[in-house]
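Okay, so here's just one chain, in structure tokens, the form predicted on its own.
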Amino acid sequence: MEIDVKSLHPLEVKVLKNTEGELAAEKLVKNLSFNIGQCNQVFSWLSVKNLIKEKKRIKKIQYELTDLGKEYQEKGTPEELIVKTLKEKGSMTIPELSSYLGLENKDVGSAYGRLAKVGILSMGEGKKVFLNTSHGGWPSIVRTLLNRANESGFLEESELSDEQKEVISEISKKRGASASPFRLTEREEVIYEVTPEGRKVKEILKEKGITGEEIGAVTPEILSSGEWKGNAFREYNINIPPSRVLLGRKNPYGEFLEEVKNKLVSLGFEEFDGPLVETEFWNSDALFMPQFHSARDIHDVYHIKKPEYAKQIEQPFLDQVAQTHENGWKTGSRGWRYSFDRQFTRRLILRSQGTVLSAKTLPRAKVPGKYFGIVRCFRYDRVDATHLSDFYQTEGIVLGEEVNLRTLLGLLKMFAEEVAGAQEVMYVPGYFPFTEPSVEVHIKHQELGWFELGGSGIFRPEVTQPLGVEVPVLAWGLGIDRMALMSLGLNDLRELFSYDIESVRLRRRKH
């Protein structure tokens, strides 16, 4: 392929002229002060023109120090603080340690579990925690890792010992890393080499004196300063035809959401909505999710920095929900048997699930009644073809004396077939702290295969009764973004929010 060297982008010119041997992103960042985006772009351009080719791939695993990790490095980990406190004060219960250290019960409980596992702590009479030894072991390895990471901000797995790898795997996460000292990232570094064609172009650039520093745009500043004098300019092809004029149209995903709303309203559902910022109370506590339970790990939330807490929670719901957690209240349940934290429940977050609005609707819902919402949610997640960190859910509840599991399965089948356009539907037993029984609905995508569309179930009495509802309540929360994949004939959630306007223009609904 004949290459017009004057048409090369300045980034391409700089790479070909100023690099030798293997090409990698880290090398361009170091030698040419490129950013990662520029590296990826120039590699793409040069590869398409066959001026470079892929030579090999190197898999790299890094552990990045999070804000929590920086805090631990400076102030001490919960494990270190517990050991220090017990060394000075003697044995204490977990609630006493939590109160003394100003930590949450779940953090102290997790720290105790790790230290007890390696024999540093034990629990004796009266559930008092006592110290077996304060030297070496797990806490000292974590301290070494935190100190090393604090210098550069991250650790390379290849530079860690087997013992350090084992420990850091316990205190790092890919998703929801804000609650862990380290964030685990996996990436492949692609190494390129210049092709024979690329070497020819490199020689031509040298002969013609093209440096990549040529001026690409004439600005008032360049004209007034005289900078243009004595400098070369990039050449442009003025014979390129202009872009065609296209009339505007609605965004396909926006149209899809409106159609879903219209279908549900036509079925007798009333729409609900609410603020993006919610309290822990409505997001989780009102749904009978205990404040210490591991079930909350699947709802990695974004916290609001200022203000951090809501002023109050509406009564009598706060008292009734709190008592339900502590002892079951009047629901016939034993509750979760812990001391409900009334300050923690006021903490402000971005809602992580649409079910928060179902809970808030219960106190004012009519019986019988059907309600839904198309709700934007926020959850720390690794972005891929079927996951986004902020996403839509279609959420709803059905209240009535006669509703049951068969009613719920019929609703799920209708959503999967009529809204998502799925040909194959599968039900899978699930677990959610707020429903019993719980069901996940899966659909089969022609490219992606089977994937979960969402969860559903019948609200437990511990959810409905504290909020003033005495009849069965069906609840469902489905990933409407994933429904749109099927309906719009796409293979990747990111295409729903693409900045590629041409792709959006050409997108058509499948019927």
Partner chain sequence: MPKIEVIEDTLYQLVGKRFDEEELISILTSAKAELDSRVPEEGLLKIELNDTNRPDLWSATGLARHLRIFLSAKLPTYNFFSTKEESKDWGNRTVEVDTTLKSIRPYITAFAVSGKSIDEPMLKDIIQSQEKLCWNYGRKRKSIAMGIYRSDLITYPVKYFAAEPDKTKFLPLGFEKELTLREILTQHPKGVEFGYIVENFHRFPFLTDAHGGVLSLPPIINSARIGAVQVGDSELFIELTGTDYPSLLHATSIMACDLADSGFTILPVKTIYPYDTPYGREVVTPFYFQDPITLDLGDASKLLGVEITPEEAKKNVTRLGCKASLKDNFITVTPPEYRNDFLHPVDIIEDIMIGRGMETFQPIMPTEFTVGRLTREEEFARKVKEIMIGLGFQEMIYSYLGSRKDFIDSMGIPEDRVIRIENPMTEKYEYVRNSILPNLLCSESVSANAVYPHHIFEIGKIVYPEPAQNYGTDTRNYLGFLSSDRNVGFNEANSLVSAVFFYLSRDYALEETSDPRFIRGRAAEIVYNGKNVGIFGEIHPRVLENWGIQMPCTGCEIDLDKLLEE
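Numbering follows the first chain given and starts at 1. Treat the numbers as computed from the prediction; the structure is a model and nothing was measured.
The form predicted together with its partner chain is left out here; the points below concern that form.
Shown without its partner, this chain lists 109, 421, 76, 369 as candidates; in the model of the complex, only 369 has a non-hydrogen atom within 4.5 angstroms of its partner chain. A single residue from the set 185, 105, 438, 195 has any heavy atom within 4.5 angstroms of its partner chain in the model of the complex; that residue is 438. The candidate site formed by 253, 360 and 458 is fully in contact with its partner chain in the model of the complex, as each residue has a non-hydrogen atom within 4.5 angstroms of it. Of the heavy atoms in residue 282, some are within 4.5 Å of its partner chain in the model of the complex. By the criterion of a heavy atom within 4.5 Å, residue 395 is excluded from the residues contacting its partner chain in the model of the complex. In the model of the complex, its partner chain sits within 4.5 Å of a heavy atom of residue 382.
In the model of the complex, no heavy atom of residue 229 sits within 4.5 Å of its partner chain. With the partner left out here, its partner chain still marks one of 199 to 207, 166 to 174, 361 to 369, 150 to 158 in the model of the complex; by a 4.5 Å heavy atom cut-off that stretch is 361 to 369.
For the partner-free chain shown, nothing in 39 to 78 comes within 4.5 angstroms of its partner chain in the model of the complex, judged by any non-hydrogen atom.
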